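Take a look at this single chain in structure tokens; it is the form predicted alone.
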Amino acid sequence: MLSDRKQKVLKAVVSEYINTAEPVGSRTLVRRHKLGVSTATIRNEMADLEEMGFLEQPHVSAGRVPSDRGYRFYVDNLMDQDQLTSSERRLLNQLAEIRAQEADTVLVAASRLLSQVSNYVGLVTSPSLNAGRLASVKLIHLEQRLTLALLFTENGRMESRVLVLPPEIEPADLEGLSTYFTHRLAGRRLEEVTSELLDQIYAELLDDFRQSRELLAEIARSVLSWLRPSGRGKVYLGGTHNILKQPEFQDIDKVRHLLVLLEEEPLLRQLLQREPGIMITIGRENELEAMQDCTVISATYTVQGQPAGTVAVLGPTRMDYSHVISVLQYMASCLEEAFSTQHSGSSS
């Protein structure tokens, strides 16, 4: 366990480095932080922290920077809570004002707003369904034009998505479609649910329910577009250019590998297979090599109390952790509100 003085020095180094992106020296800490000790004492403490693996010295004559271990200790033990500004809250609150026919439009906007407020890369996704045979499909009417679609597997995993559907839909319509999709898909592995199979199911559905063809076609399009391989676990990405603003990524070779990763949706889905709640992976804690100079912070958002997806921020390990966590928590609540109020007056 670090002494109180070492904790104060480490916290000051992390805060200073986050703000300046420059290695931090003892004189800077004495001048800008009220540590109550001499520069010689600070130098000794920084040397001890380096030896313990909490700080690193990029060059012999340079100051120190936090290591991955130093950031982890800071996040777990030293970080203060951040408050968003009123202008940041107003910006994120725009989600509830979006009028769109597809829930996807809200998620695209969310990724862009996330990147704008955090100044890093914003990602929004729905949980990926793990390998397993499909057990059932359920469509649950939430309110107004919102429906929660749920896929369940035989091993107990679930994938969910919020769909914005026509105002004429009645809960009874959803019950019938839930039964129909479950009958046609139960027992199949997700990889067996191909576009060809879904085209066949769509044709059969329209034939079986031809008396209400237009209404069911609208519902089926929304559900089947999600089930298609190209529509499952989609990742919405915003602010990739923010990576290029960071001093850590002025090395073209380093940033090239990261930008390639951001274009590979399967890798992003792997990256965002996260635990519920706030989750932080720092530097080498990330399994992907291109990510080992980065931090990813994620949060879960819910709809009507049901887990619906993940919001995340990707940036350098020199990230403003406290601010990003506050942004993600507020974004999660904004998404829940957006889906709760979406089209609340459009069917009147």
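A quick note: this is a predicted structure, and the numbers were derived from the prediction, not measured. In case it trips you up, residue 1 is the first one in the sequence shown, and so on.
The same protein has a further form, the form predicted together with the DNA, not shown here; the description that follows concerns it.
43 is the sole member of 43, 33, 318, 323 with a non-hydrogen atom within 4.5 Å of the DNA in the model of the complex. The partner is absent here, but in the model of the complex a heavy atom of 37, alone among 52, 279, 37, 288, sits within 4.5 Å of the DNA. Taken together, the three residues 5, 61 and 64 all lie with some non-hydrogen atom within 4.5 angstroms of the DNA in the model of the complex. Checking 310 to 318, 66 to 74, 289 to 297, 24 to 32 against the DNA in the model of the complex, the stretch whose residues place heavy atoms within 4.5 Å of it is 24 to 32. At a distance threshold of 4.5 angstroms between non-hydrogen atoms, residue 57 is in contact with the DNA in the model of the complex. Contacts of stretch 281 to 300 with the DNA in the model of the complex, defined by any heavy atom lying within 4.5 Å, are made by none of its residues.
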